[in-house]
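Let's start with one chain on its own, the form predicted alone, as structure tokens.
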Amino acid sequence: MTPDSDISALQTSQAQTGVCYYPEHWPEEMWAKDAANMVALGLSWVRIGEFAWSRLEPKRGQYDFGWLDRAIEILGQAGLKVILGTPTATPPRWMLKVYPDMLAVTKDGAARGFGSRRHYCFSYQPYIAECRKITQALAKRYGRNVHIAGWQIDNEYGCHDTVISYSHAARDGFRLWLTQKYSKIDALNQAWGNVFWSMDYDSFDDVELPNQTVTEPNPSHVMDFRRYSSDQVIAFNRAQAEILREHTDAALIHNYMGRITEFDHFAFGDDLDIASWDSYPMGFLEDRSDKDALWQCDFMRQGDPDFQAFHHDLYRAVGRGRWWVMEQQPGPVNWAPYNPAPLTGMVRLWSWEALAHGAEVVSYFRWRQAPFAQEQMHAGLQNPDGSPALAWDEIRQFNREINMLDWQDLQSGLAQEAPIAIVFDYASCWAWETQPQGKDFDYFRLVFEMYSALRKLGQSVDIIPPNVADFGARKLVLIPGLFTWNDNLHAAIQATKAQVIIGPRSGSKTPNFRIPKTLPPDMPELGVKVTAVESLRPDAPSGLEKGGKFQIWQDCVQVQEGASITENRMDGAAAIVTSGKLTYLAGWPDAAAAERIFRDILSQLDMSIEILSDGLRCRNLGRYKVYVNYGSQTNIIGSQTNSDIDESYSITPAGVVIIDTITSQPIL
């Protein structure tokens, strides 16, 4: 990471906007006009170069930087700050001729092919060497360029299911990784429990990858391979980051994607200065939502009211407070099952919501819609003929609005931690994909649904990593579905004054994927032991005495001395158990149960509750409240929704209202 003084100098006094641009796609005589129009629209940043390897190095070792020199100069002279991407997500065709074994391999043993992008294997060392070479060449040439204000390394790691590869390179790398972790093969056999089914190994060279087995492979084997695969992404990125650090003081960034959990973003983020993500609300609604078809239809032009906010909060944590939206959807995309146009006003709403969660920059994808190749149906800020597209006026309005606000006054609110936090753990994603015990059990969904339930109650929620050592001054911390405990988290639980809600399924395994000797949740002070578990059919949920149901999963618990049952299931079994500041939730609550349970807990903690409709959401920024309306109907906010605002205001579909809670007056 760069020194703190350098990072401070990079931070802007107010949020800014940008755009993704591909000068190599357009005649050079268009570049200056494009740059001038970007500035006229109010944009300050432009990202270029992340897919241009074949134009930067047409033949191996033969570089052509002239066109990039001119593009950077034109953009910079126009007043734009340039983010330069390393092009390693798109290795050119000549690369495959030199290294035919560089391709990633699917679980079924098929090699990925050339013809799109991200077709490399993270374990293939000759490709990493080529990535170092192109990064070194770019860093030497542009590392001190006055117009380069940031570097994006690669593009969307994990997109298109590209983290896990079952190649020979991955097999060899995994064997070496295991040797370094266990030292002796007997230690691996013991850790994995290989006595089961006569799976003992005589040598690390005997270990294959956990695919193409007759039935399910050993979960300990799978879990270590998932850890290895995550480490490979981190090492791949670090190889480029280390080179860039030698040549530039500009911020290093990567653009993550939504609901990509195959590698540990927290560990990965330690090598970067800023986390960014690519926000496609409508694409993700169609492509990555667990909601039913009727609900998706209601929000098809707006996106899920909580999905963007969840990732804003997640990547703020990954970036240790510094984060951007690198690609904001401006219109229909080309890759979802269905691709409607956004409701008028939604691009402005998405932009404001990002700022409310602390984004330094909101950058739109892309400047002009491409008239060729795979993404020609993906909208941009301009149509292919250069005329303004759907989002143009909304972005112009948004830029006017952010320039009118007193950002010095808002900064204190942006810096405040939320009173509620929820732990998110990538290893838990891998663990429960490895052993779901019920086909509907999905760790991301579990965490997201609890986050969403709190948002419907008007709460702001921080996402925190699983190894956090201090919960700060927070009043409520949720730890759902955590695979295994670690010393830092356990110490934070011991030290905090916050109410801590744990479960379901938390602490149910050791790091080696064994059931703990003390039984789950492996925390004696919690006052419960899980003696049995069951996964529930979608058509057979388990009712709760006070309303709502457990769905997908429930635990059967034995309550210990000193703990008390605060709610039972309809069948009489304990559903919620409390021991001092600790509460164990022995099942996965549906939406009705989660809202009721959290509302009761918030009331006990004397926290303000605002009941919001399905489409209305709020983010607290100190003295300010930012309301956004994802719904298709006008909503009422303020005194009529039990807010701490004295007045009531209407908020139209796709509307944004910012209220000063001291004066109860809107500032937007």
Ligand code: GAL
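Keep in mind that this is a model prediction, so the values were computed, not measured. Counting begins at 1, following the sequence as shown.
If you look for the form predicted in complex with ligand GAL, you will not find it shown, but the lines that follow are about it.
- With a 4.5 Å cutoff on heavy atoms, residue 255 counts as touching ligand GAL in the predicted bound form.
- In the predicted bound form, ligand GAL lies within 4.5 Å of some heavy atom of residue 378.
- The closest heavy atom approach of residue 426 to ligand GAL in the predicted bound form falls outside 4.5 Å.
- When ligand GAL is considered in the predicted bound form, residue 360 lies well away from it, no heavy atom lying within 4.5 Å.
- This chain is displayed without ligand GAL, yet in the predicted bound form the stretch 151-159 from 151-159, 79-87, 552-560, 494-502 comes within 4.5 Å of it by heavy atoms.
- The candidate site formed by 117, 327 and 335 is fully in contact with ligand GAL in the predicted bound form, as each residue has a non-hydrogen atom within 4.5 angstroms of it.
- Interface residue among 278, 264, 353, 313, judged by heavy atoms within 4.5 Å of ligand GAL in the predicted bound form: 278.
- Listed residues 365, 485, 448, 513 were compared with ligand GAL in the predicted bound form; 365 is the one with a heavy atom within 4.5 Å.
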